[in-house]
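The chain below stands alone, shown as structure tokens; this is the form predicted on its own.
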């Protein structure tokens, strides 16, 4: 996957995110490997892209490689490339990930899961700055800036015998820590507005704004899946115009469906007034009434 990136946003005005951007901007100016740490879904891949865009290599390729997805028997061919006919199934010349990233950045995701074969290939790249495709004798020089991500402690992995000590030393110690979403909830308005606008544009749907109680529910949620989970929640909202459980249940008005008949009768059947009192959109209210009508007809 080769990408040429012009602009990649790293959203958030909180002190935590300002610190992250400052670290990325400083590290981007140097050629050495950078380690991006953080739990799953915190945006480690996005941070790697931002670092690339801010670096002198911004006009070169950005190549991502998720080593946890590489089948070990094919890993060397995927990383180093191969010559046509080098092995069964090699039907064409293939440029591996290292060569694809020449002049740019190679982002290695989940490096702690790398097999011994992959670790050896990475060590060879860092030490020799060259690759030799399978089936070829001639080495090819490559100029690659390595950025890698992990949600595991690599020093502990070395002690456990699952990660090479010499590779750990070659990778250096230049870390950037991506914070969990619960640690920068003040960024939620920005983290909601930007992707919600994009999702609305992509879907072509007419989507209502999030209401006050819904925003409070989002702010009080613990976000175990971090910004990746937020993206999925917003996709659900674009489609159904309501928050999924458990976020829907987090609102004190989550039982609005049970109160619907009572509030509708109180307002003399006025749907607009009922929707306002229940803190839902008119469309959400109308859809619920249609659903009830269909269910009654099927009985």
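Positions refer to the first chain, counted from 1. The structure displayed is predicted, hence computed values, not measured ones.
A second form of this protein, the form predicted in complex with a small molecule, is not displayed here; the remarks below concern that form.
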- prompt: Among 217, 227, 142, 196, which has at least one heavy atom within 4.5 Å of the small molecule in the predicted bound form?
  reply: 227
task: Tell me, out of 23, 10, 285, 16, which residue has a non-hydrogen atom within 4.5 angstroms of the small molecule in the predicted bound form.
output: 10
- prompt: For the chain shown here without its partner, which stretch in 62-70, 26-34, 265-273, 44-52 has non-hydrogen atoms within 4.5 angstroms of the small molecule in the predicted bound form?
  reply: 44-52
query: With a 4.5 Å heavy atom cut-off, would you call residue 191 a contact of the small molecule in the predicted bound form?
result: yes
query: Does the small molecule get within 4.5 angstroms of any non-hydrogen atom of residue 109 in the predicted bound form?
result: yes
query: Would residue 239 count as touching the small molecule in the predicted bound form under a 4.5 Å heavy atom rule?
result: no
query: Hey, in the predicted bound form, does residue 245 get a heavy atom within 4.5 angstroms of the small molecule?
result: no
